[in-house]
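Next comes just one chain, in structure tokens: the form predicted alone.
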């Protein structure tokens, strides 16, 4: 990114930022509700009426869901999977027989060719029953070979590999390394072209490859020789299709975790693996671009899955809160418990709204969903973790007890303990919550970055700078005042319940407040803004809640009046508005600087005395 100044941000950070900028999508060719939201504009026409699944597509999903439910109940006990750490071969075969490893593979290649909505409905159902099984399916299809193959594969690649998935072949995605997480600029795995140019020799280690220990085919990211771009050497990361039977592919270790005991995740080693040039997906140096664009839809599996698990918690908690009596009445009648149940219920309604809204956007293919997908992943996984925690609190000691132990002494074996362990990873995988906020913040600032940052670049010539300044001034002279005096217009031709009108007007008003505060942050911190992660996180949190409020209102309006959807949306919106108020209140007046000083002191052993009196081991 030529507008960044190496002297101000450092050489290593510049390298990482340039790699990220080169890999991201640089244009907004299709509309985005959230991108507009960060600009102070609310495009109700993009989300209303709520996009309903067609009857034909819904029928396909209904039939498949019925088959999947029967297969899982017959062949798989989730508690046994958790206890043994192994997925029954009969269950894997049953999934393969239903072509669940080819849900997103087009029918012309032998797959089911499901819509994103139906695919997410399957993951939603499976995750409510067994999270490990859901990961087997989603890691294979959302971030494994099928999705990038469908999006960017050549016809020869599709003909070769897609039919294999229809027969039950399993895939994985290999990006993370032992010393490399979210900063691919430090990637050590290399792929060097042979002299004849027909093959690349792949060497390196890849960590936490879900399905990697059993995968037949995988996507592997590796550094290929750098190229000179605009007079500067640029790092190249390329995506390769690698087959497990290629000489030099080795499973070094199967990783074990807090939860998801049934997944196959491991450390893989590639030693002089000869990979044909035709196994490159998308092109040399475009590996990260492939990963980022693949994840735009791949992330949508997470909201649907965690919502399914959250619904299990709600159903079990409702039953328990009605059955368990304390101090003369059911515990669900006590205000402290009732408040938790109300919040869980309203939040799940919002999670449903966001999940199915973004799924429909993906199917529609007329939206740019990079921000919506990231927000859906962020808000649903964080909300789900709170729901699981709240459900265990309501269940009490029985929530902490294992399902096997409960069953052995004759009680209902709600597996809350397992669900909590399985759920903890959700705010980490496919982009941690922190990385999601940084990603959303960068995309939200894009229109400002393109207008303002070239003016600040030391490489911009004086004459060009004046022209850019004049153009930017013309835009902001009109745009900025609108962020104070804009109208809170509601969509026309839509019957909006009285309870939701104020919330929808709030979205319009607050989007302008969000837009001007984002602009102020850019003006105040300029190139140092990327280091102000807490400020950017608060702005992203505001935008995420506004998207959830808008989606919930649209979803509630689409439901039958007797379902109670409006009162669920009303409660969620009230609580979300409280969160937004708290985020704004700490935007400019906060203790961020003091917290950073304390952190530096802690890292420099100033408070090491706090750790006295403990037994500490590292093995």
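For clarity, every value in this text was computed on a predicted model and none was experimentally measured. Positions refer to the first chain, counted from 1.
As for the form predicted together with a small molecule, it is not shown, yet the points below apply to it.
### Query
Should residue 143 be classed as touching the small molecule in the predicted bound form when contacts are defined as heavy atoms within 4.5 Å?
Yes - in the predicted bound form, heavy atoms of residue 143 and the small molecule come within 4.5 Å of each other.
### Close approach of residue 136 to the small molecule in the predicted bound form, 4.5 Å, heavy atom
Answer no; every heavy atom of residue 136 is more than 4.5 Å from the small molecule in the predicted bound form.
### residue 547, heavy atom within 4.5 angstroms of the small molecule in the predicted bound form
Residue-level check for residue 547: no, no contact with the small molecule.
### Query
With the cut-off set at 4.5 Å between non-hydrogen atoms, does residue 222 touch the small molecule in the predicted bound form?
No, residue 222 stays farther than 4.5 Å from the small molecule in the predicted bound form.
### Query
Heavy atoms within 4.5 Å of the small molecule in the predicted bound form: which of the stretches 369-377, 227-235, 260-268, 441-449 has them?
Looking at the partner contacts, the answer comes out as 260-268.
### Query
From the list 476, 208, 129, 506, which entry has a heavy atom within 4.5 Å of the small molecule in the predicted bound form?
Looking at the other structure, the residue within range turns out to be 208.
### Query
Pick from 468, 496, 314, 425: which residue has any heavy atom within 4.5 angstroms of the small molecule in the predicted bound form?
Selected option: 425.
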